[in-house]
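Next up: a single chain in structure tokens, the form predicted on its own.
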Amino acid sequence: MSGLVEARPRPGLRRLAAVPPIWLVLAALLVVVVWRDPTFAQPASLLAFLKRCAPLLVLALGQLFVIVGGEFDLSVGALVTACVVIAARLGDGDPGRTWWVVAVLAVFGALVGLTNGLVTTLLRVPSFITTLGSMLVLNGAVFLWTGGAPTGALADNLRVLGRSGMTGVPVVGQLPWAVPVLVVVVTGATLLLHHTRFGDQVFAVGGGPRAAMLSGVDVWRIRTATFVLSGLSAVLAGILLAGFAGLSADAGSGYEFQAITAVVLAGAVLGGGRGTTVATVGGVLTLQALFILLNLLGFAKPLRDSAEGVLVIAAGAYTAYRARRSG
């Protein structure tokens, strides 16, 4: 009996084992980043880091719903670019047009997501093919519309969320608006995915669509809804990115792969049925911290892309191994 008692792990070790591994990786990366650049530990630098992470984090949370539901959405990067270009072209720098421009973007993002969802679920086209096609259509349409050189301007009040912040905040001085936006988005996504019937149905559909259908879940409705959420997240990510980086013909290029990478790093299973919003936050922060570290070490962008690919493979292999062990 005493041997059994001694074999039990200590409470501190049990609590450490309960922490998602991605947060431990993030902590290690941040230690190395601060070692290379001590100014990164300053409150203003940390807030700037969160502001830089905001578009990708919003996009990854939308992608999480799709992946947990058992599908992919490769169109979100192109949708981000389209939203930035449309906002500049329709708004043309006029603050008075901003609110109806945002409404147009929201409808546009929801329609793209709805189309992806319906083609995937009702026409039974694999989501990889569907959203890859949407990505090509959006990229081609943006190029034809702009000729490769976007025109117009982003209104100042449209760029507020991604560029400005609350001034006079103790300790930090200025709190970027992107940070409270992230708090609201993460809280809302957590409640929706983990504390509502809709979230339970998303997990059920991803875990086994036939079993979910036999239990009374409208599989096609749930999966279509996740694509709509992903489209809306791309709109918000586009607004944040427009404020942070400005107008560009390739504003969202590569963001779809970074979002999937972050979700996979966070432990989500690509076949569906597993994933958490809290771990996804850690996945995004870890990915961005890794990019910062590679920049500090002087690595070129192609090598950073290669590192991202290795991370996807390693994270996918780890989650598959963990899924096999858990049965």
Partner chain sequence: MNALPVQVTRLLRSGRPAGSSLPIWLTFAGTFAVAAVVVGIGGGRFVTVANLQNIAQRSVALGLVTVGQALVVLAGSLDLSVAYVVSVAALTASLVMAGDPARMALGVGAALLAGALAGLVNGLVITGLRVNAFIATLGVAYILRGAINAAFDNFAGAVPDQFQVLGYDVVAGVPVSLLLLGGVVAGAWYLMHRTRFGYHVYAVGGDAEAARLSGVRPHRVLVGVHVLSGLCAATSGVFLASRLGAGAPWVGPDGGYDLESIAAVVLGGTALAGGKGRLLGPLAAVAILAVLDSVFNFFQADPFLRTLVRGLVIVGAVALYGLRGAGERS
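Residue numbers count along the first chain shown, from 1. Just so you know, these numbers come straight off a predicted model, no measurement behind them. Only the largest set of C-alpha atoms that superpose within 1.5 Å between the two forms is called the rigid core.
As for the form predicted together with its partner chain, it is not shown, yet the points below apply to it.
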Which residue, A211, A141, V183, L191, has a heavy atom that falls within 4.5 Å of its partner chain in the model of the complex? A141
Looking at L114, A106, M135, V179 here, can you tell me which has any non-hydrogen atom within 4.5 angstroms of its partner chain in the model of the complex? M135
Let me test this: is every residue among T261, V264 and G309 within 4.5 Å of its partner chain in the model of the complex, going by heavy atom positions? yes
Give a yes/no on whether F203 approaches its partner chain to within 4.5 Å in the model of the complex, heavy atoms considered. no
Determine whether any heavy atom of A155 comes within 4.5 Å of a heavy atom of its partner chain in the model of the complex, and answer yes or no. no
Taking its partner chain as it sits in the model of the complex, is L270 near enough to touch it, meaning that at least one heavy atom pair lies within 4.5 angstroms? yes
Going by a heavy atom distance of 4.5 Å, is P126 a contact of its partner chain in the model of the complex? yes
Within 4.5 Å of its partner chain in the model of the complex, heavy atom basis, the matching stretch of 85-93, 250-258, 222-230, 193-201 is 250-258
When its partner chain is considered in the model of the complex, the residues of 224-248 having a heavy atom within 4.5 Å of it are none
Rigid core aligned, does the Cα position of A28 differ by 2 Å or more between the shown form and the other one? no
Would the C-alpha of A300 be classed as shifted by 2 Å or more between the shown form and the other one after rigid-core alignment? yes
